[in-house]
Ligand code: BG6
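Encoded as structure tokens, the following chain is the form predicted on its own, with no partner shown.
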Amino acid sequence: MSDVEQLNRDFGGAGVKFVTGAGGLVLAEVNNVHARATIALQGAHVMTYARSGEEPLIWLSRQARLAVGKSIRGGVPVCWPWFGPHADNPKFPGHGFARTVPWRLVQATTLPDGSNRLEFQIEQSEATRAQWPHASDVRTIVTVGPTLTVELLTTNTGKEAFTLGQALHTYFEIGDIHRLSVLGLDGCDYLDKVDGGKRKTQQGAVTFAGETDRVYLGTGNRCEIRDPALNRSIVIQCSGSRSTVVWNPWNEKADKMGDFGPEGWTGMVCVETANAADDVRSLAPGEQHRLVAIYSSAPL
């Protein structure tokens, strides 16, 4: 029996089925009364999400390279157990290894309102332990309903404390980056990675006129993306986070990356719920940290 057949036998039905997708990736396809979504078991990576009868909320590049062991351009990549470059070893992958390794589906539940909840656990290996020698249990819980909820749960199962950095590197579908604004960060300090990491203070809404790569510090639990081109507002509510990353590569950098397409960067923005910079977390033995983001949208 194939992996997909076994998954369908154990967890399929009631709006969830499993297929082998492009590049050999195993995908969970969710289609319920509220929404539809696609989740790759590699990385526990939400690739798509759209409410029934509406435009996609989550952006996936048309040029995304789907392959075993490769990161996916778009969706909700899980950056874990560090954000950005590794502190000590530049050979380790940026943003950690979680988004490119297998995760195991441990539970699939249909909730009373018809939403689907899928829980994934990272699969440990010699390769992952070489990069992260700390005993830990890591789970991603995705709930597909009238909102999309992604939870990243880390438990220190060892005998020593460790420091954790992470992010839900979410790509949102938008109409036009030139007309976009992000609310909820006014007055926050941020590290401007485009300007050598200088610390600055946000004045008013975040708008876009060039490459943007910022780690906002001391942020609250709500951001809003105002998108007049698609006539909608996207709201991000979060917990377990005091840092927010805002990113758009703009044209030159997107062209060099090769998996955006010629104008792909104009139709996406990343607003990431994170534990980064000043917000990395220290977990004592037995301690657990839960990072949660809830995504919703409404007409402007």
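Being a predicted model, the structure only gives us computed values, none of them experimental. Residues carry their position along the shown sequence, with the first being 1.
FYI, the form predicted in complex with this ligand isn't displayed, but the following is about it.
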item	value
D176, D137, E224, D213 - the one with a heavy atom within 4.5 Å of this ligand in the predicted bound form	D213
Heavy atom within 4.5 Å of this ligand in the predicted bound form - residue from A50, V235, A67, M257	M257
Heavy atom of each of W80, W103 and R290 within 4.5 Å of this ligand in the predicted bound form	no
Answer range among 227 to 235, 52 to 60, 242 to 250, 27 to 35 for contact with this ligand, defined in the predicted bound form as heavy atoms within 4.5 Å	242 to 250
Proximity of H86 to this ligand in the predicted bound form, heavy atoms at 4.5 Å	no
Partner contact for K193 in the predicted bound form: this ligand, 4.5 angstroms, heavy atom	yes
Heavy atom contacts to this ligand in the predicted bound form at 4.5 Å, residues of 264 to 297 in sequence order	E272
